[in-house]
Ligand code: HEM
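Shown below, as C-alpha cells, is a lone chain in the form predicted alone; questions about how it binds or moves come after it.
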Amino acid sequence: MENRPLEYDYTIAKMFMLTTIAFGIVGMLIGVILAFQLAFPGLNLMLGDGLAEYTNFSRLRPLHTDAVIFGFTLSGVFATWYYVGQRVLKVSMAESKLLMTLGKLHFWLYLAVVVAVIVSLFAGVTTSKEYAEFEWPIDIAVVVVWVLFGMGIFGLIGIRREKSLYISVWYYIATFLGIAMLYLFNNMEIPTFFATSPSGESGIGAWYHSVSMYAGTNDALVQWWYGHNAVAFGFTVPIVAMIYYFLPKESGQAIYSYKLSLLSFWGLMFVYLWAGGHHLLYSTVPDWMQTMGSIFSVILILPSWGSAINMLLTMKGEWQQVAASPLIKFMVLGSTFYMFSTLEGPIQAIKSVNAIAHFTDWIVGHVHDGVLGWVGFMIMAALYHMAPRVFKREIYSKSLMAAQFWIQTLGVVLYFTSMWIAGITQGMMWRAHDEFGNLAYSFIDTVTVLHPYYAIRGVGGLLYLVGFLMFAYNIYKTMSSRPVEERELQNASPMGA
C-alpha cells in the first residue's frame, strides 16, 4: 500500500490567524491614538464632551495593552501551535474528533471572552491591576479557555507519531503551565457582592466587582511577579518556540546547537520567575527582595542571549538568505531586537540606573522595542510562512513584504530612540536641583520639553501600523489568489524553503 503524505488540518489555525490580524489592527490603532493623545492632549476630547469618557487616555490604555497581549499575541501563539504542533508531532488534528471539538470550542469561547473584555473595559469595569484588569466572571472564563488550550496541547502530544519532543513543543508546554500558574495566583479575588458594610448591610457591591485577596505590599509583589512573568511566558517563551521552528524551516538550516536551546530553556524557566522584583525598586518592598530582583534580572541576560545567539548562528554560512528573503529579514532582525531588549531590561534593573529610568518613558521604549521588534516581527513572519501552506496559495507580493519590513523597522527605531531621549531627559530633570536644594524644574517643565519626542513616538507607531495594514492586505490577497499544490510551494525560492 502506498504511503501517502500526512494531510494536516489547519481549520483552527486559520481561525486564529484571522483573529491575530484583526486584534493586531485594533490594538495597534488604539496605541497610535494614545501616542498622539499624549503629544496633543486635545485629542482626548476628539469625540466631544459626551463621548470623552470612552475615548480618553485612561479608558483606552488598558484596551491597547490587553488587545496586543491577549488579542494579537495570544492569537498568534494559538495559531502557530495548531500549525506547528501537528507538523513536529507528525499527527493531524483531523485524526481526533475530540481534539477538533476542543479546538473549535477553544476558539469560540476565546472570542466570547475577548468581546466581554472589550465591553467591560470600555464601560470602565476594571480591577485596576495592570494586565489583570478583568473582573472575576471573565477571569473564570479565561481559565476555561486556557484549560482547553492545555487539553489541546497534551491531547496532540498523546497521539503523536514522533517519539521525541522538538524544542518548540517544550516552549509551548512552558507557556501553558507558566501562564496558568501566574494567572490563577494573581487573580485570587473576592466578589464584593459577598462583602458586608460596617453597618451590617450585605451585598454592597455590584455582583461583578471584586477585591484582591492580597493587600498592600503583598498585592504589589504578587502583581509584579505576575506582570513581569506574563511578559516572560507570553512575549518570550512562545515566541522562542516559533522561531525555533520557523527559522530552520524557512532557511533550510538546522538549529545551530540543540544543547544550547535546552540550556537556555531551563535557564529561562528558573531565572525569569525571580526577576519581577525589579518593578518595585525604591518601594516599600523589602530591600533584599529588590536586590534579588536586580541580580536575577542581570543573570537573565545569559539564557536570553543563549537563545538569541543560537537563532542568529543558525544562519551561519547562509547570510545571503537574509538579503534575498524579506521573511528571514523579519526573523533575524526580530532576534536582534530580542538580544537588544533583553540587555536593556537588565540594565534598567540595576538600582543606580533605575533611579533615573523608573517611571520615565525609557521604560515605555524598552517595552516597545521588544514587543514591536521581537514579538510583532516574529508573529508576522510565522503567519507569512504559514499562509501559503494553510491557504494553498503563494504569497501575493514579496515586494510588498519587503516594503513593509523597512517601513516597520523605521517605525520601531523612531519609537525607541525618541523614548530613550525622552526617558533620560525626564529622569535627569526630575532629579535636578538648584544651589538651595530645591527642584530645578516643575513637572510641567518636563512635559513641555518632551513634546517633540512624543510626536516622534506617534509617527513611529503610525509607521508600524501602516506596515501592519500592508501585512494584513498581503495575507488577504494571498487567501484570495490562485490555489497551488504544496510541492509547488516547496520548490519556490526563497519563500517556500
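Numbering starts at 1 and runs along the sequence shown. In this text, all values refer to a predicted model and were calculated from it rather than measured experimentally.
The same protein also has a form predicted in complex with the named molecule, omitted here; what follows describes it.
Here is the short version: of P326, G423, G370, G76, the single residue with a heavy atom within 4.5 Å of the named molecule in the model of the complex is G370. In terms of contact with the named molecule in the model of the complex, the residue from R393, K398, K129, H358 that brings a heavy atom within 4.5 Å is H358. The candidate spot formed by M28, V32 and V375 lies fully in contact with the named molecule in the model of the complex, as each residue has a heavy atom within 4.5 Å of it. Only one listed stretch (161-169, 140-148, 276-284, 97-105) carries heavy atoms within 4.5 Å of the named molecule in the model of the complex, and that stretch is 276-284. The closest non-hydrogen atom of M470 lies beyond 4.5 Å of the named molecule in the model of the complex. The closest non-hydrogen atom of F330 lies beyond 4.5 Å of the named molecule in the model of the complex. At the 4.5 Å threshold, heavy atoms of Y338 reach the named molecule in the model of the complex. The closest non-hydrogen atom of T65 lies within 4.5 Å of the named molecule in the model of the complex. Contacts with the named molecule in the model of the complex, taken as any heavy atom within 4.5 Å, map within 340-362 to S341, T342, G345, P346, Q348, A349, N354, H358, D361.
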